[in-house]
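Quick heads-up: it's one chain on its own, the form predicted alone, in structure tokens.
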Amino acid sequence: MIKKKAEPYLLILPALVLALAFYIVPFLRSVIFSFLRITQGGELIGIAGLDNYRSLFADRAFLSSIWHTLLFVLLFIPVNTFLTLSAAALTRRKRKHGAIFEFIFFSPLAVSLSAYAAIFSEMFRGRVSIINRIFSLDMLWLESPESAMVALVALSVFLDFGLDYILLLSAFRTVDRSMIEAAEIDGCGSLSTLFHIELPAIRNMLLVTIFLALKDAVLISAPVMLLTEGGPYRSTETIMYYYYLEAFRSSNLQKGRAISSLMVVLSALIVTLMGRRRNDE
């Protein structure tokens, strides 16, 4: 009897050990160190209390990175959700040659981030860029703060598109066909069926993709490093890219630990909100 009760805990023990070693302990260590004074060489010289956090929020560059991250979230999530949901809705029915479109939509998963960043960098580079030629424009996309953010959003949407598309398409195809057929018999058109039956049926998965997009938007750093490097004029410098500059480029361990602690807490809040939202359903 005791063995049967202990069996579930033994099964999850490896996962708990890994989480403890690679997540919980490093996080607690980072939180503790964020209240200490540490030299660039990693030497402990005293207790800082809340001074590291005061210094962080007194830095105008950090406050600007918060605004840039918020702006990116406000641009990225609606565009990403609309495009992925539209693509999944258009291909939700299995049709002849439909596999071709499905392959095209989830193909972004097959190429690495660095390769896509190099491609987008060339697409938006200079006045003779591919984007300018296609749309007959005359813009320096990566040299203007506004257009550089647009280019960054475009790259990020492309990177997230494949996974979100697969999740939404799978959700559409698990909707009970009897409800759809009953609606069609009653005279409902394709759009009416989509908005009144299928979308409500996949709302949980839609929320999952939105929360995943929110997580990616808040923690965005690699696309910034590869496409804009925070420019021009630090206009695309997000919180995590600011963290990269302070912790790794400037070796400011005190600020780095404070930022990492704040970001872990923020990520935990997002996950908690997601869990509560799903439990309310």
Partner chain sequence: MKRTVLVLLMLLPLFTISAGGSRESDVSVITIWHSNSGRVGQAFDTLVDTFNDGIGKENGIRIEAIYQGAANDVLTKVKAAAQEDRSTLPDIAQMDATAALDMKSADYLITADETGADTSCIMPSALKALDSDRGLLAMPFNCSSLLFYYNKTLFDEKGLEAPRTLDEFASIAPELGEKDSSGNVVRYAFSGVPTTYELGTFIGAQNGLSYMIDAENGHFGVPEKVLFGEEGTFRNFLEHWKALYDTGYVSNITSGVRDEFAAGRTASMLASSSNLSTVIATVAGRFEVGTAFVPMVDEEATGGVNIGGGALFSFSSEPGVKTVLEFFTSPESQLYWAEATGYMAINTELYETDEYKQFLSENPQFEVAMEQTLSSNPEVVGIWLPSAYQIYYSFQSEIRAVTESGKSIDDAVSAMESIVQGAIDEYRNQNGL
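Just so it is clear, the model here is predicted, and its values are computed rather than measured. Residue numbers count along the first chain shown, from 1.
The next section is about a form of this same protein that is not shown, the form predicted together with the partner chain.
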**Message:** Can you tell me which of 138 to 146, 81 to 89, 168 to 176, 187 to 195 lies within 4.5 Å of the partner chain in the predicted bound form, counting heavy atoms only?
**Reply:** 138 to 146
**Request:** Flag Y233 as yes or no: does it have a non-hydrogen atom within 4.5 angstroms of any non-hydrogen atom of the partner chain in the predicted bound form?
**Result:** yes
**Prompt:** Taking heavy atoms only, is S34 within 4.5 angstroms of the partner chain in the predicted bound form?
**Reply:** no
**Request:** Consider A217 of the chain shown here, and say whether it contacts the partner chain in the predicted bound form, taking contact as heavy atoms within 4.5 Å.
**Result:** no
**Prompt:** So in the predicted bound form, does L253 come within 4.5 Å of the partner chain, heavy atom to heavy atom?
**Reply:** yes
**Request:** Identify, from the list F248, W67, F27, F57, the residue with a heavy atom within 4.5 Å of the partner chain in the predicted bound form.
**Result:** F248
